[in-house]
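A single chain, nothing else alongside it, follows as structure tokens in the form predicted alone.
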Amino acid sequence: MLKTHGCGELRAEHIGQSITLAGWVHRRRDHGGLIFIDLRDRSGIVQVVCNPEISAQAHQVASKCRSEFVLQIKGTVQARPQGLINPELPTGEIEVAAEAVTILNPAKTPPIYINIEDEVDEAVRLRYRYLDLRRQRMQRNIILRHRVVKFIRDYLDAQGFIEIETPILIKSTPEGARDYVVPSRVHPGKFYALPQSPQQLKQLLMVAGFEKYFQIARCFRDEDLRADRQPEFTQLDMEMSFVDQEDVLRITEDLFTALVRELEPETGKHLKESPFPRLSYEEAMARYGTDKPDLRYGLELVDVSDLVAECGFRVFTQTVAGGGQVKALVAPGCAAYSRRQVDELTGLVQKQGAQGLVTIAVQEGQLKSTVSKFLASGELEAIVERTKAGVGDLICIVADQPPVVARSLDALRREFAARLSLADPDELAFCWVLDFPLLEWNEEEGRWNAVHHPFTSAQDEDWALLESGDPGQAKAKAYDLVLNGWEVGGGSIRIHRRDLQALMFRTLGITPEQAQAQFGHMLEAFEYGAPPHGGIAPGIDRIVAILAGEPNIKEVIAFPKTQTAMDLMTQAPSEISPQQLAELHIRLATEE
């Protein structure tokens, strides 16, 4: 190699050694007689001093160098002079006295700062991603991702799992999100799909008898993007035979407990509690207004519907009479909020569909509220007692139908957590959310949809509900892994019998002919001794982002897309030539 050591590897024990380094100019400082170069490679940064009395050649070449030039430097490791030790750098006790400097490649002035952790426009960062990835923050994130994936592989291998790759070109089947499709040249008019997940394939591997499978799987979904979503993403795909729900939860929890503890010295992140708390879906929605609650802080929702069902405030009474809810959240220490601040909160809940927000400020000796004239003092005091609000607290109340109340108070809860800095950034609060509904009613299409996917099993006692015409009451053998308010994994015990899978398809409005055309391979496989099986698919991108303390998964993906699914570096997606279109038997609608 062109170097004997990494820049960040050198320490006091290397003093006196002749070494060769290669890397990028992180900074260059000309002090007249001496030129200092901070040389950077993947391992870190080291200071190089170019003294013309030691090497005129090294000094002369160094004078021509600029940021991001690629250099090879030969020299001797020496101790830094007393008083000039840099405790901020692992290599801060030493420097390299340059004896020869070679420019391996010059560099234009970069369009972004690489040696300064400064805010840079995202479009510029993505356009020059290969430069953005040189920055120390991004290098740390990508290396952390590597360490996470390596730990997972080693851990699951020790637990008897087999890593198996599954195809990227598969059949398009309705499983939730929109597919990315790939036209076939040799089969005109037919298309492959990129997998939304290896769901069917991993189930077929269980039929094949591998019993414990995993894969660091690439997945693709053509859906609107946000902070925790990209068109292509990576998940840890796991499937196991002869297991029940408890087995899947245990192996997953053990894996992530071990992972967090292994990486704690590097990330500074620690578990809030272990074993992970477990909430039913109904409990999570009732207490937090979301099925992915952040448990690093409290701010639980409180139902006060019964206290105001017959009060003098018509909004409350009509909401309760119409089957709605009146629920509250207590913001500690916010009783002194101004009218403008309360209006900001009102606007926040209105964006979630609520008509408005009622507040009660608990002040010393009095309760201040815009609805005081409609509520008797005993009713106000009952709300304060129910919510356990103290002096100085602000009670926020939303009255509406349950989904609107949940969305509104969830948004408020997250807003107050941010304003009041309630969430410890170094705390990892995992939890399980269990007992999801099996199905949800699609008003637009007038049929049932699977909450997770059509291969999720109902609870054993709930299969009869699908036959009796009351499928909306059925619960699923499904579970989500939640971390700090992000859903980081979902899974279920699968259907493994053809008759039950056929019943599920019928309930979803899929005809036997459609089921055979789309899922015939699965139905047939279930007739050849399919074992009971289940699994889970934690998201690698989301987990690494949380471990890295990043708010967006783009920061832990080497080459992500923009919010409009564009690759600004390569300018994908792009047009293809008329010849390619003709080979694929495709005519664009604009050509007609």
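Residues carry their position along the shown sequence, with the first being 1. Since this is a predicted model, take the numbers as computed values, not measurements.
Form predicted together with the RNA: not shown, discussed below.
- Between 74-82, 397-405, 465-473, 425-433, the stretch whose residues reach within 4.5 angstroms of the RNA in the predicted complex through a non-hydrogen atom is 74-82.
- Note on the partner interface in the predicted complex: the residue among 242, 210, 191, 113 having a heavy atom within 4.5 angstroms of the RNA is 113.
- Site annotation in the predicted complex: the residue of 105, 338, 109, 421 reaching within 4.5 Å of the RNA with a heavy atom is 109.
- Using a 4.5 angstroms limit between non-hydrogen atoms, residue 86 touches the RNA in the predicted complex.
- By the criterion of a heavy atom within 4.5 Å, residue 52 is counted among the residues contacting the RNA in the predicted complex.
- At the 4.5 Å threshold, heavy atoms of residue 170 stay clear of the RNA in the predicted complex, well away from it.
- In the predicted complex, no heavy atom of residue 529 sits within 4.5 Å of the RNA.
- Not one of 127, 133 and 364 is positioned with any heavy atom within 4.5 Å of the RNA in the predicted complex.
- Contacts with the RNA in the predicted complex, taken as any heavy atom within 4.5 Å, map within 205-230 to 221, 223, 224, 226, 227, 229.
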